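Okay, so here's just one chain, in structure tokens, the form predicted on its own.
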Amino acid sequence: MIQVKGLTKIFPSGLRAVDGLDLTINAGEIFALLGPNGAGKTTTIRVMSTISGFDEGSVQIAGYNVDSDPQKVRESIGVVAQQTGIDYFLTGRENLALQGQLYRMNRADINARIDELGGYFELHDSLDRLVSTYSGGMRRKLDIACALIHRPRLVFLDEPTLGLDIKSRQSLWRYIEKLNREFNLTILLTTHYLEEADNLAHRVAIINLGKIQVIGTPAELKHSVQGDSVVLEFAAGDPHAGKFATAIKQEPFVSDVLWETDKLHLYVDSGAGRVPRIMQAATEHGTTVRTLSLAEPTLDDVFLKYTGASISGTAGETTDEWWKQWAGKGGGNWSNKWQADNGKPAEGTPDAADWQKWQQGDNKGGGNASGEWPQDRDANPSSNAGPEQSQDSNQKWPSDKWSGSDDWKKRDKPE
């Protein structure tokens, strides 16, 4: 399904974001790409999805070359970016319909597909609500549904569960597994959650400095870290810790030693039986062990081995959604209403008093409880202070269109 050979991407600064990357992903596979920030994960996906060009190599997606047949590639893939691509000011149904229209699907097919995906992701009862009212998990499900509207053969999921609570994350895992199992959908995901890769992926690749370091099943990768993992934590700046690490590495039962800041990772056979000797050696070298943990190898141990850092220390940053970052920055006074929860303006903003009047049906700068569209706005059609304006100063805003505190968001045209 994906065949990448010698892929190289060099930014104008000279940075090699991707450096001779080779990768093969089979049809029907869930493949996870793990790597620290700046490793080249997102750049690789951008190239595969025809969003970004590249300098060297070849990329085949679903049998099509991204250089010579990019349109066919786009028809074959769905992309769920780390930052959501859905419009918070539209309903779920409108987002799905828009995505279908972008793929030039006919109206009947779009409507049927919306009903199908709405039911599949348990969003049917919420499709006609504004996306700004959705929970984080619901928005992510809608994001994936939009990527599936045109029935792609392959889906890219860039950090699909980043920022979600554990319940929403596990729910989304079940949908991803179900999509792969029931529709043989090929899925390439990037993630910082080790349990996500461990539970979902058929194979995992660790990428660092633009190169694939290792590929295998989760079990194979964990088995490559020989022995049990013993993690020792020392006091910061302990002068004896280095000598202890050098000495313990000579013990025949130690297969590898890795440092991570003030933590020393030892990989030993029969870990439980080796703890007494490890502690004895620490005492002999005058170092104090603050904590000791013993476990079977995890993907984090594999990650540490190939990147030099634990993945827990490389988690991606989360930022506000685009609409929250934009609100209040040139969008007109009404946008201050998005500075706090539930669309209310932040305390102390110029709109705060008007908002309270509006709630009570006495605001000449917006709608009111009587159902009338303010005439002082209608008298000046060039004003951008409200929804679509009428040229008729006597135009009434229909009472049945004006029902509550969220009505300023509605896009219905006056009758």
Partner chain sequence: MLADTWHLFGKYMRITLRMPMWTFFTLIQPLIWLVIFGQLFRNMYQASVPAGGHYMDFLVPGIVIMTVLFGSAWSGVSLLRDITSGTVDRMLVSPVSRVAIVLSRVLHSAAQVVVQSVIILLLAVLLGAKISLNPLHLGLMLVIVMLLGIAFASVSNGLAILLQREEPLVAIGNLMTLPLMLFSSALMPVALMPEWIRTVAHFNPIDHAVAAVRSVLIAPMDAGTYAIGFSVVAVFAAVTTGWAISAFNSLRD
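None of the values given here were measured: they were computed from a predicted structure. Residue numbers count along the first chain shown, from 1.
Another form exists, predicted in complex with the partner chain; not displayed. Remarks below refer to it.
Hey, in the predicted complex, is Thr84 touching the partner chain, heavy atoms inside 4.5 Å? Yes.
Does the 4.5 Å heavy atom contact test between Gln60 and the partner chain in the predicted complex come out positive? Gln60 lies outside the contact set for the partner chain.
Residue-level question: is Val302 within 4.5 Å of the partner chain in the predicted complex, judged on heavy atoms? Although the partner chain is absent here, Val302 would stay clear of it in the predicted complex, with no heavy atoms inside 4.5 Å.
With the cut-off set at 4.5 Å between non-hydrogen atoms, does Arg174 touch the partner chain in the predicted complex? Arg174 lies outside the contact set for the partner chain.
Just one of Ser293, Ser270, Gln250, Gln71 has a heavy atom within 4.5 angstroms of the partner chain in the predicted complex, so which one? The option sitting close enough to the partner is Gln71.
Looking at Leu102, Leu209, Val257, Ala235, which has any heavy atom no more than 4.5 Å from the partner chain in the predicted complex? Only one listed residue qualifies here, and that residue is Leu102.
Taking 4.5 angstroms as the heavy atom distance cut-off, pick the stretch from 282-290, 194-202, 85-93, 262-270 that is near the partner chain in the predicted complex. Heavy atoms within 4.5 Å of the partner chain in the predicted complex occur in 85-93.
Under the 4.5 Å heavy atom criterion, name the residues of 115-153 that approach the partner chain in the predicted complex, in sequence order. Residues within 4.5 Å: Leu130, Asp143, Cys146.
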